[in-house]
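Just so you know, structure 1 and structure 2 below are the same protein chain in two forms, each on its own as C-alpha cells.
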Structure 1
Amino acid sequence: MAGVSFNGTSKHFDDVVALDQLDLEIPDGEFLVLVGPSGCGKSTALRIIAGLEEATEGTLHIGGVDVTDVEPQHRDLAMVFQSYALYPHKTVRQNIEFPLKSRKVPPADRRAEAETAATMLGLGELMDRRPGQLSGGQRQRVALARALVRRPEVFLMDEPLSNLDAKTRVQTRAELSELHATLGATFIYVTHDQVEAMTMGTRIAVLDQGRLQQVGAPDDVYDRPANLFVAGFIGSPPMNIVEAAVERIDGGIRLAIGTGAFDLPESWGAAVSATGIERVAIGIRPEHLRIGDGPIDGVVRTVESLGHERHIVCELAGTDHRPGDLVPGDLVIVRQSADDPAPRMGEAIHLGAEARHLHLFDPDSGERIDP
C-alpha cells in the first residue's frame, strides 16, 4: 500500500513561499495529475514527495508512514524528470541497471530485470547506445525504464512529455495511461498543460501560487470549477468570464451585461444575496454560448476556423470600458460546430446560454457561488 498524503506541508525558499499548507490525500494506485501554471509549486510538491526538498512545515506520509525526514533512496519511489536526467556517459543498459546496482542486486538478475523493463518499453535494440544517440522519445522511454526497473510503489513524473514533439506526445500519453493500468502503482504526474491533465488523470489537483485550488475527477473540475482561477485555467479555449451588475427583480435576479441581461430564478438570487455582493463574475464555456436568439447583444470581431469547429470572438455591446480603443468592450469566445452557418465579421448578433451552464463567482474572492 503506498498512498501519499500531504499534511499541511509548506516549502519556503527564503521569502518565496513555493508551497503553502498543502493538504492532499492521494490513494494507492491513483493517477493524480498536479496541474497549474509555471512557477506555481508543482515541482516543489513533487520534489518533497521524492525527498529532494525538505518540507519547511507539515509532514508527508507514504503508505501511512511519516517519511518527512527519510532520505530519498529509502522512500521506494522513482522519478522521471523533464530533462530525463539520463547519465550521458552510460549506455542505455547501464542507465537502466544503475538503480539496481546501488541496491546490490547480483549482476545476472540486474541484466534480466533491465531486459524486462526495456522490452516493456520497446528498447530492445537500443541497449548499447548512449543517450546522446537517441531521439527525444527514445530517451523518454529509457527514463521510464530506469524508473520501472525497481518496481517502485510510487512513480513521480515532472513534465515528462514537454520536450517531445506533438505526435510523440499524444502517443506517449496513451502509453503512460496503459502503463499505469498494468502496474497498478501510484502515479503522480506534474504538468502545466491542462489537456494532459484532463486526458490522463484519474483525479487532478490544480495549484496556483503554492496553494491547492481544487481536487477532483477531471470532469468534475471542468464542470464545477471551484473558483475563478480554475475556471480560467482548465479548458481550451478558456471559459469566458464577464462581470455583471446584480439587480433584484421579481422572482429572482437580473445580471446586466452591457445592453443585455441574464435573468436567473430565485434559487440563485438567494445564493447571491447571501454573499452580499453587488457585482458577480459570470463564467460561460465557449461551447455553451449560442449565436442566434438570446438576451446579450454583440458584434462579431474575428472568426477562426479550425476545420472541424469555429471560434468566434465577439465584443459585447455596451461594455466599452475604454472608448477609443480598437476593441473597447468585453470579448467572449463562442465555439461553434463547422456545420453551423458562419457569421460574418462585423455582424451584429445575439448571444444566449442556458441557465444551467452559467457559473457564478464572487469577483473579489474568486469563490464559486452555487444556487
Structure 2
Amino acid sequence: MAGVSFNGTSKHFDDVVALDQLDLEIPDGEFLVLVGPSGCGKSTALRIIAGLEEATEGTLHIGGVDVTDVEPQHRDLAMVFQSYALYPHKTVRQNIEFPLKSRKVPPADRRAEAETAATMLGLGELMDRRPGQLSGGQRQRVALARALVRRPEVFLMDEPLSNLDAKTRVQTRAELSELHATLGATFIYVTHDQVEAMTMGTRIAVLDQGRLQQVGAPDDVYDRPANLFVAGFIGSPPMNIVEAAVERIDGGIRLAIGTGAFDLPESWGAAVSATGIERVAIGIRPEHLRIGDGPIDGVVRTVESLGHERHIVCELAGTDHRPGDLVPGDLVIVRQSADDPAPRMGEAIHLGAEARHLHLFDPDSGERIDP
C-alpha cells in the first residue's frame, strides 16, 4: 500500500479555479475523507489522484513516486463511483472478476479471488445474479468487491453511498470502516455528507472554493474549527454564529448581543483585545446553548421534535443587524434532550452558555481567535 501527497496542486478550468494550491499529506493506511459543499474541489482532487484530470500546477506523489504525468492505467488504484458502474449484462461473479480478466489472470485464480472478495462483503449467495436483481446496497458491495480484487495501493471512493437509503447508508458505512480496518489500505473518500465524514474518517479534510480549510481528526475539527466556514459547515445542526459588539470595561472584555452580554474570562479578553477589533463573531454549538438562567433574551419560534431530542429555533431579542453584517438574521438553534421540559412557541426565554464552549472568530478574516 502507499500514501498520497499533494504538493501545491492546482486545477484550472479556463477561468475557474477548481483546486487552489493544495498541500496535503495522506499517510499509508489512512482513511481520509475529503468533505465540503458542492463545487468545493473534492471530486477534482480525487480525479487528479486517479489520473482522470491533469493538474494545472504542482505535483502528485503516490508511494513517494511522482505520478503527475503517469497515465491512469499505470497508477495502481481502484475507484468506486457513485453510479456503481457495473456491467448490467454480467453476473455478480463476472463483474467482480472483470479487472482480473483484463489483466489476463488465469480463470481458476480469478474465481478464487472473486470468491474471497465476495465472502468478505457478504455476496456469496448472489454471485449468479445480475445487477438488476440486486438492491442498491448490494450493487455498491459488488462495486467494492470489484475494486478489492485488484489489490490496489489506494482505494478512491467518490460519494459511493449517496444513492442509498438512510438505513442502508448506515449499514454500508460500518462495512466500509470494517473493510478498511481489515485491509489496512489507504482509503480516500469524497462526500458532502458530514455524518459520513465524522463517522468514517481517520482524518477529515474540509475544502471550500478549491482551498483546504482544515485537516485533522474528526473530533478535533468539530471541537476547534479553524475558521467561520468550518464552524458553520461541520455539525448538524450547524454551529450558531452571531455577531457581538466588543465592550471594554474595567480592564476586561464584554461581548454584547442584543439585550444581553457575555463577560469573557481574562485570557479570552486579552486575546480579543490584541486583535483590536470592535465586533466579534461568536460560535456556539446547539448542544451547548441552554434555556433557563442566561444573559441573552429570546423568543421561541419553532420546536422541532426528533424523538430522542428536539431542536428549538429561537429569535434573539434586541439584535440589530446592519446591511453587510456576517449574520443576516438573528435566529439560533438549541439542541435539547427529549427528557427536558419543552418550551412553547412564542415563549420568552433566557439563553446562556459556559464560556469554555464559546468559539470566537474575526468577522472580517473569518479566522479563529484563541486565548
Partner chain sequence: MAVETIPASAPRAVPPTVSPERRRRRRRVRSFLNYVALTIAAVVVLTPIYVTIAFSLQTGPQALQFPGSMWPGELDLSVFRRVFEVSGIGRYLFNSALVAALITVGQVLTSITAAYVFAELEFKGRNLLFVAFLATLMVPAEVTIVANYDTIVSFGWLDSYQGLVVPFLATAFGTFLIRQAFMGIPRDLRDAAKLDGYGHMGFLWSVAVPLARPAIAALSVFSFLLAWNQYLWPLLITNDDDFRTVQIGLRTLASSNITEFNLVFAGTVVASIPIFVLLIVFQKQLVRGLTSGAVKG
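Since the structure is predicted, the reported quantities are computational estimates derived from the model, not experimental observations. Definition used throughout: the rigid core is the maximal C-alpha set that superposes within 1.5 Å between two forms. Numbering runs along the sequence of structure 1, starting at 1.
- Structures 1 and 2, same chain in two forms; the form predicted together with its partner chain is found in structure 1.
- Once you line up the core between structures 1 and 2, the Cα of residue 301 stays within less than 2 Å of where it was.
- After superposing the rigid core, the C-alpha of residue 128 moves by 2 Å or more between structures 1 and 2.
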